[in-house]
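What follows is a pair of forms of the same protein chain, given separately as structure tokens and numbered structure 1 and structure 2.
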Structure 1
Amino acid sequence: MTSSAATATAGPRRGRAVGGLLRGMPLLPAVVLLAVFLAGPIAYCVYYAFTDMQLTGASGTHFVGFDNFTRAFGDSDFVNAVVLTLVFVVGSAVVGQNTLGLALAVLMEKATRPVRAVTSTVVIAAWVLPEVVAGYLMYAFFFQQGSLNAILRGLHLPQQNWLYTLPILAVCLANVWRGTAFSMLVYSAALNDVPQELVEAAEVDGAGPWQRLWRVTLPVIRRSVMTNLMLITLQTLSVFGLIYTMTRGGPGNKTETLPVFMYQQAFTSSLIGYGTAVALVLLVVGALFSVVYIRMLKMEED
């Protein structure tokens, strides 16, 4: 009797297991592609980060353990790249894109339809440009004989070589110009979810525009704020083409962020192992930012 009951119970279980496998079959091609083209290269890079692989001059590749990471943290150029990366991320993404995107979204909410259409077109046009094209446009704007100095000359104001005297500021402003559209779209969608009753009640109570924004709007859209900050931070951490097109990391190493430093080491100096180790550090930095933002989102939920 017990054996019959066990057999009767096992039958439906096997049926459910087979049914689950059959339902998962359509996902198999995607899983294979992710394993081959994402997980595989990442695993290969992790291996290279612990070797002395070079493009030229080396007779073979040898396992060197943590030597590449030890060398990186003892390298003043690497430390400089980390500092510049943090300045670039905070200046152009956390402060620049985030603040300007929110400001544009708030202003466009009250603007007429033609103004919204023109503003959206202009801002989004910069976002959809390829990174290299945007870099060349910003180079043409900031370099010594560029558009910015031509405007200043017309206003009888002093000019300078912006890419030489203030290079990190120039690339930060270029990234703000190119990436603000994403934040603007996120906040435009979030503002549509703000209950108008709350805004009207605050207005009746005498709250001004800044008070309504700070005490009503931002608390309601705080989850969108954190999500936007996480996404633009990760996007900005990986910016390479814009900076390399504008300055190639120069003058000297004044705009050599981690992606540019990694490229210089791996492909200019032919130190693939060392460059890959720097890439892993960049990956860890991105993961740390993600963890911080996710923890802050969970704290908001609690």
Structure 2
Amino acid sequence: MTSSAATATAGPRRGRAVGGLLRGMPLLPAVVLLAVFLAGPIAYCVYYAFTDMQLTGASGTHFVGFDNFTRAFGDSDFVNAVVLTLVFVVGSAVVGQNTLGLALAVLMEKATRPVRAVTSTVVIAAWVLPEVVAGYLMYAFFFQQGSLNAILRGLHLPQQNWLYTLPILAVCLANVWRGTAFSMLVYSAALNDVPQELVEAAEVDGAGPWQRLWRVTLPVIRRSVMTNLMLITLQTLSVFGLIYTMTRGGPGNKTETLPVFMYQQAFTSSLIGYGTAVALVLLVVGALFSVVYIRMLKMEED
């Protein structure tokens, strides 16, 4: 293994490189698809965001630097969209779906088997339905002559035209209705892994149900909580169909979250460049969350 070996290794090394390439060949179709249809558009997204491109074509497109962004941050409609997106994500995902999902998972653990089956079937059914159907059903639910007002009338409670008076609340509740199943499934799985002795020990020590949940269960499942929060935030950030079916961003721009605003700017106002700049903002926010999510998974692995 001295001088003669040194010359001999050159061959196997090249062989290994070729072998490595060959072994990597099955990756090729996936890599090509991803590069053309995902990486390509993202690169385009970054480029277009700095141009004044219009829907009519690329002929009159100029590089405009940060104009789109300065314009966006001075645009009250954009600021409105950012605020609404925040309200939508925090209200419907972080607070709504997350809390409701956890509550359902905790209660279902204590419920009898048939009740558990009924609850999870109903909640999951709302989740499995296509987005547009869910949007339409929620429209019918919150509509002036809809089921919600019918129920309120039956209970002799005040009614209102939800889609006009509180559209963002209606849209948030719609997203909670549609999306809670995911959190419920995540938390049901997580609660299964909580050691029963731990909870019982706390009970013997005199901890009430709230204390047990807050001090024992939640700390044990904190990783699932973080993962769930990340994933539902990412999902909620890009919700378009649900809102568009229910309100089309209206009335006025009261439910115009970033995806809807982006669509309106690019296709209704024909400002592809400006719409893309908004898309880039959305993409960057999504990417940040995605990076945090990966880091958490990495920590879990180590």
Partner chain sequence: MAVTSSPRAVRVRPEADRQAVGGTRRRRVATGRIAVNASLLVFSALYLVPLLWMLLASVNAHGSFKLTVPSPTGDNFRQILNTDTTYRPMLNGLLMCGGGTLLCVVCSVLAAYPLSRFRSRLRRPFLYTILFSTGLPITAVMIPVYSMFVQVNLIDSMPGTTLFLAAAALPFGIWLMKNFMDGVPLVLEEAARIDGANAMQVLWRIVLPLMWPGVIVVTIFTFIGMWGNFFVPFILLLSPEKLPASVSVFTFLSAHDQTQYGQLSAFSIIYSIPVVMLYLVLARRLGGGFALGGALKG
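Worth saying up front: this structure is predicted, and the values here are computed from it rather than measured. Quick note, the numbers are simply positions in structure 1, starting from 1. In this text, the rigid core denotes the largest set of C-alpha atoms whose superposition between the two forms falls within 1.5 Å.
Note: the form predicted on its own is the first of the two, structure 1. Residue 26 shows a C-alpha shift of 2 Å or greater between structures 1 and 2 [criterion: core-superposed Cα displacement of 2 Å]. In the core-superposed comparison between structures 1 and 2, the CA atom of residue 293 travels 6.2 Å.
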